[in-house]
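The form predicted on its own is given below as one chain in structure tokens.
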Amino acid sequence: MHGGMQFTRQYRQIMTPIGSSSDNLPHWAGVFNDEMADFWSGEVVWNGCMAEYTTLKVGGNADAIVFPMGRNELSLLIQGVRKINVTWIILGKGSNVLVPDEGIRGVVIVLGRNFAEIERIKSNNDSVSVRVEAGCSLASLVKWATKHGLSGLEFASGIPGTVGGAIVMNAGAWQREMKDVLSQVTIMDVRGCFRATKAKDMDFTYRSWGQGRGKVAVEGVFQLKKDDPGRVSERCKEYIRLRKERQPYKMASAGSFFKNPKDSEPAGKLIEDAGLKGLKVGGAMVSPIHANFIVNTGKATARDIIELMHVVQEKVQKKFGVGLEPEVKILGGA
């Protein structure tokens, strides 16, 4: 929930307060307004352009985009949209996702800066437990941990997205993953109910937290080690330096596009050895810097990116007999 937009930019969209009307609203807008009126104090972005909310910067409009402030409001929102039979998805900073050009029907729930609390909850001689809400960006969490001299999250330096998305994807780098530093995850189900689960009892695997459809990570508790802030900072800087050298850091992308296949070379090497670096479809391109990144050169459409994805999959399958599975989640299918 599983990206790059700052929330100061999100409010550039035209917003329609609860209770207003427009010819462009979805047919269920009035019922939605009535259902939310008792608890929803915020505003709704109707027909919001999803390209503004994803790191690939492509995609059509969503019927409605909302920004809950805390767990209680999120739960009531989920209960409300279920009651009126409207579909919903959760989004963080929009990394690791691709929105189709046709857009998204239903409600997009963005967990952002109003869902981003960091709290130290327990400390002993050498470690600290830290509770973090799902909307907190990984960058903010790493910065906070560095400032407080807490080690364990350095590997996440430079990974885009939010804590919630990182938990769901079991994001990782440099032989470390989120599961290695998580002690507990609070999960919301499709009914808006919450359950705290110990991380050791969850089925984390490569790029998956092992939970079923409709489950949402709303917060995580991280077990971090006390360390010198200067040493933590230096390790973070080194990981960011390596990322900038090896990845298309300044181009719009969704991060690593394909999962690394089991019992084979990494996806990036397979794609590079297939001679696909720099391959373009429309405004989408296989990065010349790192072959497992599909980048938006400036005018790509979601269709361009999906077509390029299929070309890469076909050519790698033909040359090496290896099927590449997208790590990027295509919302609404493709």
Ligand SMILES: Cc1cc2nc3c(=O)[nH]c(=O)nc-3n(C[C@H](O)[C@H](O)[C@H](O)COP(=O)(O)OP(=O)(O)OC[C@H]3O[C@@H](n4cnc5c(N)ncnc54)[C@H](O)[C@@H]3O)c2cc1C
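What you see is a predicted model; the values in this text were computed from it and never measured. All residue numbers refer to positions in the sequence shown, first residue = 1.
Unshown form predicted together with this ligand; subsequent notes refer to it.
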Exercise for the section: Answer for Arg120 alone: is it within 4.5 Å of this ligand in the model of the complex, judged on heavy atom distances? Expected result: no
Exercise for the section: Consider Phe293 of the chain shown here, and say whether it contacts this ligand in the model of the complex, taking contact as heavy atoms within 4.5 Å. Expected result: yes
Exercise for the section: Considering only heavy atoms, tell me if Ala173 and this ligand come within 4.5 Å of each other in the model of the complex. Expected result: yes
Exercise for the section: Decide whether Thr146 counts as a contact residue for this ligand in the model of the complex under a heavy atom distance cut-off of 4.5 Å. Expected result: no
Practice task
Find the only residue in Gly103, Gly255, Gly220, Gly112 having a heavy atom within 4.5 Å of this ligand in the model of the complex.
Solution key: Gly255
Handout entry: Listed residue (Val232, Leu153, Val130, Leu91) with a non-hydrogen atom within 4.5 angstroms of this ligand in the model of the complex
Key = Leu91
Exercise for the section: Select, from the options 154-162, 224-232, 121-129, 194-202, the stretch whose residues sit within 4.5 angstroms of this ligand in the model of the complex by heavy atom distance. Expected result: 154-162
Completion exercise
Contact check, 54-69 vs this ligand in the model of the complex, heavy atom within 4.5 Å, ordered by sequence, gives Thr55
